[in-house]
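Next comes just one chain, in structure tokens: the form predicted on its own.
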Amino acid sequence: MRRITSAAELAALSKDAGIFVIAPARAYVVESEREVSHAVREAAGDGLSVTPRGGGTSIPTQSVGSGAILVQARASIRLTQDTVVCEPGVVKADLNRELSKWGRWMPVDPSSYASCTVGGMVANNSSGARTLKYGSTADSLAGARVVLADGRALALGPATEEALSGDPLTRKAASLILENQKEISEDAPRATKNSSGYRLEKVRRGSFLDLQKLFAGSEGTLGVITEATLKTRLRPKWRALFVAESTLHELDAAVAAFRTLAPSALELVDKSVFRSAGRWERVSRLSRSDDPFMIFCELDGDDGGLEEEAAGAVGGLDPLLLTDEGDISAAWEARNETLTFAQDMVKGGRRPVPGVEDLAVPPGALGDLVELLVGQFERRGLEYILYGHAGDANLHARPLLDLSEPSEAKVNEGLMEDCFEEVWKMGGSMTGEHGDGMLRAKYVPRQYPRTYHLMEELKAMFDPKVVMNPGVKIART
């Protein structure tokens, strides 16, 4: 275990991809689960909180804190027949490469896959473009090892209620969730993506309890992930990409038509991002109209391509069809560069900022969500970027603001208030995949008016002294 106290190294750990900068008192680099336990106990004994940190790609600020930062250098990968056991420091891009040697993959690929770690993906319940077909990290999480706030290590995996009876903590947590199933179901958003609060509705699976999924999306507030067992799949034998264009008025109908094809991914790109960034050449070959939006629809499978049949089903949209693997990869690279280009859109002190960057609504309300965001931005005279996951109606929109100016920080707060309220009315979530972090923690009780108290109770069970990542996700502790 290496303890970091140098000002330069601590300064590098004082920020992530979010908007808050918080200097930690110290940091640890640990090489084993035993060292994780030791670091947690030592920090807590010195009156410091503990914030686990992966690749530092958190947008709503989940991986910085004023106490001790915990960095796990462990990055081994162990393959079994249909799962992979990962240590938390494994970078997703490295996992992709290792699995590809065996013709397998774990389909969750956040846009930050080149630098995000598996530990961070589990803690955030990361998703991405292919969540529409393959689910989020929680859906792939078959088991986990965690270190709790008192330094105790715990193994979690699918179990019956009876099997949990030997451990008082897991028994108590399971009972709380089982006794409140009705409220949990009724309080959950109707969106197909949701990364807010503890995902209580994911725990019960028939006669089994998947308590490991309680830690998927817990953002380091319940404990430290020290090992994750993830389900893998055989890679599909073929894929094809349709690219269509649409106006705002036609958007819902176009997305609904593509959804009938059971796509692996269904993405939305605002073409103006590429024009504003001076990078139109990246998508010009894919565009055949002046319509403002571009829709990427990817199909994949094992039994031979269905491109012609699919093209007939959406023929009215006149899509461009790509079947060459190089062309498909190039198109996806252009789409994945959207945020990179957008970050270059600096106008004076203004730059794209998070806040309403991850709204999710039920799929049939995508057009309403686009209209809401555009209206809110234009009413305030703001430039903005807009793209996202059309199939899940999960949009990444960012206004250009200078948050160092109190008046503009207030504008961002007003945007969050207004947009969150409207999204909740639609049955949606204020965050589809980025999580709550410090940025949105204070709004979690309003998204979960009936079950937030259960989340507070679970936090108190696993972390009674509020050692783990305070101020993140659960704001009142």
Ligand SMILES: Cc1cc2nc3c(=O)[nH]c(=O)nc-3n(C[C@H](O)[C@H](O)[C@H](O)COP(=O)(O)OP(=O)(O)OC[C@H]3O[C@@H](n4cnc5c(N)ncnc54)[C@H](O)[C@@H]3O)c2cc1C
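Everything numeric here is computed off the predicted structure, so don't read it as measured data. Position 1 is the first residue in the sequence shown; the rest follow in order.
Here the subject shifts to the form predicted together with this ligand, a form of this protein not shown in this document.
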Against this ligand in the model of the complex, would Glu298 count as a contact residue? Criterion: heavy atoms within 4.5 Å. no
Does Val224 reach this ligand in the model of the complex if we count a contact as any heavy atom within 4.5 Å? yes
Any non-hydrogen atom of Gly388 within 4.5 angstroms of this ligand in the model of the complex: no
Residue contact check: Pro110 to this ligand in the model of the complex, 4.5 Å heavy atom: yes
Of the residues Ala27, Ile59, Val423, Val30, which one places a heavy atom within 4.5 Å of this ligand in the model of the complex? Ile59
Tell me which stretch of 448-456, 40-48, 61-69, 409-417 has a heavy atom within 4.5 angstroms of this ligand in the model of the complex. 61-69
Residues of stretch 119-136 in contact with this ligand in the model of the complex (4.5 Å, non-hydrogen atom): Gly119, Gly120, Met121, Ala123, Asn124, Ser126, Ser127
